[in-house]
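The chain that follows stands alone, in the form predicted on its own, written as structure tokens.
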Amino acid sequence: MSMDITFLGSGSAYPSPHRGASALVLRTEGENWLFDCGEGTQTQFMRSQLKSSKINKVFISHLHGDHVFGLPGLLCTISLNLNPQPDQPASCVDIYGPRGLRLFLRVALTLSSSQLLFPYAVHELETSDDQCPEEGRLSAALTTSGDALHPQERPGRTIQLDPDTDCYNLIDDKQFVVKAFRLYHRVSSFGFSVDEKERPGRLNTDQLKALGLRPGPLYGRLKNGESVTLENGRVLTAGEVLEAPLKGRKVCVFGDCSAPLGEGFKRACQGADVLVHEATLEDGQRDKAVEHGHSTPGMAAGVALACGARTLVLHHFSQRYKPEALRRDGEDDVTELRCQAEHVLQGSGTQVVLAEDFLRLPIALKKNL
């Protein structure tokens, strides 16, 4: 099964001609998940090879505008381009994010008289006071959404922190386990881990044919781990003809932060194939970065080291750092940021990648050794 990440925006604070605001898409077969949706994300979709109409889940790390202002408009654009079939109801778009996201979206859609051709549900993560300074905390009175749903809104879950794992359990289906974990920022922020479940190993078709079993339904049963009875009465177990299962891939996307909180991020992100982390300012600006709740390349590399990540992708760069190809003499570019992260990760085997708008990063299947 193919899996890749496409960055629609790699800049911080606001969209510029060089970098869009925060947004990336994780794509697998049948699934297209959007992480953050800054202003201008729908325009970035149009400039990419992706289709916004394919988005079926959205994950918002925090409520700063450069991560959420694009969401109401994107949902409306998806609706305008939708061609629903009368005999096939539109699927519900599930949206996950901090407490307050439900009311934000409801007010934006209601006051603009926006009607959607598909249902949506907002699942809110309960925040903790230690995720941000006091001035960044949102009161219950401000974020209470009441009972009056938008016409296309479906009731969503309120998800509490699991004290045993220090994580939030968002999704557990046939393909993926998705968790969230707490980060420290100027407002409550979260990261997300997407953990692909093990895939059954390949069938030894040569062995099956030698046993007189031809391709057909019994192959599928064996692939699903069932035993089958051959014509000669022999019971053939799946373990006899299946190779070892393939370990799933893990992708972790951190929201804005100056530090992860607790141990949840380590539990959720250990052994990540790809870890996406912000690096707003260079290491020499660490004090300024932390003051504003952000990270530097060295700080991001420290997180990747703690998680044993195979690849660290830096993004959410200050707009002062131009893409390498667009830099003019005397201007700052991002190459030094990569060097700073690589210095911390020296000898670890972790690869460092600099995100650019429309960068597509394939995530290969793991192979059994």
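In this text the structure is predicted, and so the values were computed from the model without any measurement. Numbering starts at 1 and follows the sequence shown.
The protein also exists as the form predicted in complex with another copy of the chain; that form is not presented, and the subsequent description refers to it.
Distance criterion of 4.5 Å from any heavy atom to another copy of the chain in the model of the complex singles out 112 from the list 112, 88, 224, 237. Of the residues 298, 245, 73, 119, just one reaches another copy of the chain in the model of the complex with a heavy atom at 4.5 Å or closer; this is 73. Taking the partner from elsewhere, residue 311 is found to have every heavy atom lying beyond 4.5 Å of another copy of the chain in the model of the complex. Residue contact with another copy of the chain in the model of the complex: residue 42 places a heavy atom within 4.5 Å of it. Using a 4.5 Å cutoff between non-hydrogen atoms, residue 30 does not count as a contact of another copy of the chain in the model of the complex.
Contact between residue 176 and another copy of the chain in the model of the complex is not found at the 4.5 Å heavy atom cutoff. Comment: 45 to 53 is the region of 45 to 53, 334 to 342, 299 to 307, 22 to 30 lying near another copy of the chain in the model of the complex, near meaning a non-hydrogen atom within 4.5 Å. In the model of the complex, another copy of the chain lies within 4.5 angstroms of at least one heavy atom of each of the following residues of 48 to 69: 63, 64, 65, 69, in sequence order.
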